[in-house]
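Before any questions on how it binds or moves, here is one chain, the form predicted on its own, in C-alpha cells.
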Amino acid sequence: MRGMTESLASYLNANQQRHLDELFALLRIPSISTAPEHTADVHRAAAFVAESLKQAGMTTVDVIATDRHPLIYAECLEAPGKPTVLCYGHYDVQPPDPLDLWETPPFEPVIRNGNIYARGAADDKGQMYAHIKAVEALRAVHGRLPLNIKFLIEGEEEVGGASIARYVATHGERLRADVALVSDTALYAEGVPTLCIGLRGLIYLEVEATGPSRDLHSGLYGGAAPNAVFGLAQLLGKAKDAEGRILIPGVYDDVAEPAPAELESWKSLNLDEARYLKEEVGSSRLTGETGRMVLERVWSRPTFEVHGIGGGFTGVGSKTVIPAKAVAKVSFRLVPDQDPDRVIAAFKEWVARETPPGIQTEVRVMNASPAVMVSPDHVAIATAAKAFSEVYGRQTVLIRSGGSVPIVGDLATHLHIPSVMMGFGLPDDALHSPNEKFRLENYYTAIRTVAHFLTLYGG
C-alpha cells in the first residue's frame, strides 16, 4: 500500500474484515440525537465508541455526562516532545425519514456496488471510526504512537453541538493540542485527495408569524382577516431575487472575496456543471448569482435558505381555515469576515420592516457560528497534504466547503489551534437524505491515510 510500512499494511489487511464488522455494529445503533425516544440508543453508541477507544490503547477514556447526550474524551500522551493531535468526530446521526425512500433499512448496513449504505455511514460514524482504527493499528504494530493523541467525540452534532461548545470553552488545558484532526468533510471527487481549508458559518433561526387570535372560518372571514401562512410566505418571498441574490440590506457588507489565486485554483478543478446539475442537484437548472461560477457560489458566497414552513391545516381531507400562526425555519450561511451578530441584527430589522400588514412576527435564533479559514501554510496542513498525496498517488487539492462544522470555529476560538479537515466522503453520499452511503474503499483508505498523517506529523 502506498504511504505504508510493510508491517502496518500487513496489519490493516489482516484486520480489514474486523474493522468493517465493528463499523457495521456501530451503524446498527440508531443514535438519532434529535429524537427523545432514541436517547438510550445514543447512550449505547457512546458506550460502543468508548469501548473501541479502550481497545485502541487509549490510556484514559471518559464518558462525560452533559445536559443532553454524552461526550467522550480519551487520550494517550506517551510521546514526550512530540506534537499532540486532537481527533474530533460525532457518533449521533440524522433521522432517517422518509423511510419509504430507503432501498434497505437505514440501520441495517449493507454493501451494494462497493458502497456501505446506512444512516451515519459517511456522516460521521465511518469517518470518525477510521480515526480510532488508525490509532489502534499504529499502536498494535509499533507498540507505541508516533505522537500524542487526544479524542473528543460528541453525540449532539446533528442538534447544534451545545454541550461540546461549552466543554471546549471551559476545558482548554485538558484539550490543549497543536492541531485538531476533523474528518467530517468530503473528497472533491472520487480518488482526489482533498483538504478543506475553509468552512461557511451558519445562523439558524425560526420566524413565527401570527395573524388572527385563532384559526378562522375562511368563508366567514376570508377577504378581511390576515392569513399567517400567506403573510409568512409573502415575507420570505422578499428575501431573495429570482437568481438567488439576497435582498436583505447589510448582508453583503462585510463579505470577503476569495484571493485571485484561490479562484484560479477552483477554475482548474473543471467542475462539470451538467453532471453536477443532473447527479448531485437533480433539478431542471441551477440558480445563484450570475457572473459567479458554481464553486464560488457554494464555497465563498453567503446564502439564505428556507428549510420548512409549518402552519394551518395539512391533513387528509379539507378544513377551510385562515391560519392564526405559521413558523418557518431558515438559515444563513456565512463567509469570511461576516459577523453573525451583525447579520442577525440586519435580518431582524428587515423582518420588522417587511412584515405584511395585520401580521406580527417573532425571530428566534437557534444557533450561530462564523466562517472559518485555515492557513494552507501551517505545517500540519502541509504534512496532511503530503500524507494524502502519498497514499493516493496524486496531488492533494485544497478546497473550501459550503457546509459548516461548528466545532472547528470553537477549537480556533478557545484552543487557538487550526483544524486539518481531512474528509473521505464523496459529494453524492446523500448526507441527511435517504440511502446515505460511504464508499467501502474510502473507509479503508481513511484508516491508512490517517495513520500515515499521524506518522509523518509525529516525525
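Every value quoted in this text rests on a predicted model; they were computed, and no experiment measured them. From 1 onward, residues are counted along the sequence shown.
There is another form of this protein, the form predicted in complex with another copy of the chain, and it is not shown here; the text below is about that form.
The closest non-hydrogen atom of P95 lies within 4.5 Å of another copy of the chain in the predicted complex.
Of the heavy atoms in G250, none are within 4.5 Å of another copy of the chain in the predicted complex. Proximity of D178 to another copy of the chain in the predicted complex: non-hydrogen atoms within 4.5 Å are absent; the residue sits far from the partner. At the 4.5 Å threshold, heavy atoms of H416 stay clear of another copy of the chain in the predicted complex, well away from it. Not one of R18, S163 and A189 comes within 4.5 Å of another copy of the chain in the predicted complex, counting any heavy atom.
For the options S369, N227, S183, Q338, the residue carrying a heavy atom within 4.5 angstroms of another copy of the chain in the predicted complex is N227.
Site annotation in the predicted complex: the residue of E349, E243, E108, E103 reaching within 4.5 Å of another copy of the chain with a heavy atom is E243. Proximity to another copy of the chain in the predicted complex, taken as heavy atoms within 4.5 Å, picks out 352-360 from the listed stretches 141-149, 369-377, 261-269, 352-360.
Annotation for 258-294: interface residues with another copy of the chain in the predicted complex are Y276, E280, V281, G282, S283, S284, R285, L286, T287, G288, E289, V294 [heavy atom within 4.5 Å].
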